[in-house]
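In the block that follows, a single chain appears as structure tokens, in the form predicted on its own.
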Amino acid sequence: MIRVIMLSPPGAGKGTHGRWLTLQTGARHISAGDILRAEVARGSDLGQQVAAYTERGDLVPDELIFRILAPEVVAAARHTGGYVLDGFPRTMPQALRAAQFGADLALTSNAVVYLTAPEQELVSRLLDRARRDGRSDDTLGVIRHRLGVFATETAPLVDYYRDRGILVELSTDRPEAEVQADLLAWFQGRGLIQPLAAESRPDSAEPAAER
């Protein structure tokens, strides 16, 4: 079963293509953003702490994010045998801690999908999502701040995972079907998705917005 980390700047499509991977494999899709927003919506003490960071477009501190996400990863692996983790880790300390956590529980990731797109395309997608979904955290100023945070804090993870030999890098500035065909070929080439099993599953649900 695949254990995948989806890594991309905001708007490059990790949500869209992460959900597609779950349809191909049966692994559970874990969206860090969705889980954090749900915690905020509940109004819990933990959610209020999270909101203070997400409203500015800043990264949630490691201790908070691990308290929220670690049980989700363990539950996903227990119930489906794998996971597609969308939006975490986002810093090198998080990546190193996640690697140790995975090694301790035999849940180490076996693939990292790094999706890219031109910055102006990312901004356009995120502004469109804000209009469509009413996302108050997707103002132009916050979007540009989030992209800057990604470049500073998250981009260094690309070389880390490339050195581990588990990174696949793809541009999403093209039709979704082309991106997914390349993803399928990469996973099949490494024996992480069996060709016949993958082809027998539905290709995707209704087209989803880029995340």
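Note that the structure is a prediction, hence the values are computed from the model and not measured. Residue positions are given as counts along the sequence shown, with the first one as 1.
One more form of this protein, predicted in complex with adenosine monophosphate (AMP), exists but is not displayed; see below.
- Adenosine monophosphate (AMP) is not shown here, and in the predicted bound form it never comes within 4.5 Å of any heavy atom of G47.
- Interface residue remark: G87 is counted as part of the site for adenosine monophosphate (AMP) in the predicted bound form, having a heavy atom within 4.5 Å.
- At the 4.5 Å threshold, heavy atoms of V60 reach adenosine monophosphate (AMP) in the predicted bound form.
- In the predicted bound form, adenosine monophosphate (AMP) lies within 4.5 Å of some heavy atom of Q94.
- Of the stretches 174-182, 50-58, 22-30, 155-163, only 50-58 has residues with a heavy atom within 4.5 Å of adenosine monophosphate (AMP) in the predicted bound form.
- Using a 4.5 angstroms heavy atom cutoff to adenosine monophosphate (AMP) in the predicted bound form, none of L7, R125 and R144 count as contacting.
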